[in-house]
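One chain comes next, on its own, written out as structure tokens in the form predicted on its own.
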Amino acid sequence: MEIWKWVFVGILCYAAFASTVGAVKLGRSQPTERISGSAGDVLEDDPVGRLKVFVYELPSKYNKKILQKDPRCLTHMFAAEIFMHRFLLSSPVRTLNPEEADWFYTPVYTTCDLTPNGLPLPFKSPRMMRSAIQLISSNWPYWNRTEGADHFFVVPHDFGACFHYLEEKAIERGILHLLQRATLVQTFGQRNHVCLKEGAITVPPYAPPQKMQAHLIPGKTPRSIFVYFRGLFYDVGNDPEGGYYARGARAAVWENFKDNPLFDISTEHPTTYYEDMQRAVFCLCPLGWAPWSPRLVEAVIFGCIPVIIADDIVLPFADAIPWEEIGVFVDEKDVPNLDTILTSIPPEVILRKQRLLANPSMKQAMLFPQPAQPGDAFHQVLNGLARKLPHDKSIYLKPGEKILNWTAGPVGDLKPW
């Protein structure tokens, strides 16, 4: 059995090598293999001319001053809220006339409150968001027309607008009541979950494009690692008894494959992390406290086939990125069989996934580059908003009609910010 596995790995490494060489020869100006149907076509949609966005001008305490206090917010995985604001300020879809706007955007940096270790603290976020909504509803008439149904907010917390990093607490809190009618742009996506409301736009977490670009290795480098993962398997600090963190999936990876030569897995995060991903055939993307992580972005950028272990996950821009074609999905209960599952995938299937991953448009859709580029994550968000137009007339409230309860939610959320 072990000999067979090593022969199989040899075939895969050769296939990966051939695929990489082919991708280099192809070049950016040559057509790459595309998915048939709308999934491939959406990547080329141009949102300009299809919608207009009005950006509220808020006092700097809601955004710029917060960032000035802690520039680390520009590089953490929740930074999409900052870069989306900057993008919209200079975007051709922006309108300075709110009367002609299709959508209204409120720039609030709710994740830019970091611990010394760089982890976001979401506890002030609900009060901050309530304060911003109170401000726009008092100073402009547009929120009150729909109670936010034509507004969108970027909420890249672990569990979106539930504003908590522990799932149990997030479920208990639920989505901030004042955002119940708005469209949420969020990294969290899980089907049938209270923290994902219908109509939300799921986006990738932020991964620094320049940093990844600086770690690119020659395209002809063979992929000599079969399965790669770096990260926590247990979170003793927050889950001392074990089994709750990652619903036990990460622990199962470690317990079953820590001594398996096919698996290069560790808690250590080497300086060659990005280079190692480019040498791997498969990169594990298991859930942590939330179902998503930057590994998904990194795997796509570096052409490593993402192995997605997160039941019911809603992936970023699922209508634009053919995840079923470029990734491998493994149920959490099947993690003990991960070696058998991956070694059973035919080499021609792996080659196809690698060719699709080599498509520059796949990578571009996962990034928030500065400056913005056609087809990037900014444009995918706008495409998602454009596809919701025109708004149904039912979103507009009758004179004096109220739907949202401004006093709903935990008592602590009602305190001034």
Partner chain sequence: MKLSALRLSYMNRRSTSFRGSAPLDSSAESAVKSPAAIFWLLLHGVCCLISLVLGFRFSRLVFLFLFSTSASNLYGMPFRQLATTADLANPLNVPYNPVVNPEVPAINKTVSSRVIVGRHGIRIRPWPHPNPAEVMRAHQIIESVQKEQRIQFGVKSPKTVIAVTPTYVRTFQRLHLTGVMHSLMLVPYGVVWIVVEAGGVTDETAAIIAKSGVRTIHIGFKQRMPNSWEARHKLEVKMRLRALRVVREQKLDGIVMFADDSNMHSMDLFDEIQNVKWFGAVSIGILAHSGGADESSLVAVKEEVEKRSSMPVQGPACNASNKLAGWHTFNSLPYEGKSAILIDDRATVLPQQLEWAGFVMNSRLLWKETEDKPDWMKDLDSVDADIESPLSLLKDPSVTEPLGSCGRQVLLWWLRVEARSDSKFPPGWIIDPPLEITVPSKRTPWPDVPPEPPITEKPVINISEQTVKHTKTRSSRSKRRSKRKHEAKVVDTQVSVRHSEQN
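Residue numbers count along the first chain shown, from 1. A quick note: this is a predicted structure, and the numbers were derived from the prediction, not measured.
The same protein also has a form predicted together with its partner chain, omitted here; what follows describes it.
Asker: Based on heavy atom distances of at most 4.5 Å to its partner chain in the model of the complex, which listed stretch, 315-323, 97-105, 117-125, 199-207, is the contact stretch?
Answerer: So the stretch in question is 117-125.
Asker: Have a look at Ile171, Leu74, Leu216, Leu89 for me and say which one sits with a heavy atom within 4.5 Å of its partner chain in the model of the complex.
Answerer: By the 4.5 Å criterion, the partner-contacting residue is Ile171.
Asker: Using a 4.5 Å heavy atom cut-off, which residue among Glu298, Asp239, Asp113, Asp276 comes into contact with its partner chain in the model of the complex?
Answerer: Spelling it out, the residue with a heavy atom inside the cut-off is Asp239.
Asker: If you check in the model of the complex, is Arg247 within 4.5 Å of its partner chain, heavy atoms only?
Answerer: Yes, contact at 4.5 Å.
Asker: Taking its partner chain as it sits in the model of the complex, is Phe257 near enough to touch it, meaning that at least one heavy atom pair lies within 4.5 angstroms?
Answerer: Although its partner chain is absent here, Phe257 would touch it in the model of the complex, with heavy atoms inside 4.5 Å.
Asker: Just checking whether Leu389 would be counted as a contact of its partner chain in the model of the complex - the rule being heavy atoms within 4.5 angstroms.
Answerer: Leu389 lies outside the contact set for its partner chain.
Asker: Indicate whether Asn192 is a 4.5 Å heavy atom neighbour of its partner chain in the model of the complex.
Answerer: Output for Asn192 is yes: heavy atoms within 4.5 Å of its partner chain.
Asker: Since the partner isn't included here, can you check whether its partner chain sits close to all of Glu81, Phe163 and Thr272 in the model of the complex (heavy atom within 4.5 Å for each)?
Answerer: So, no: the whole triplet misses its partner chain.
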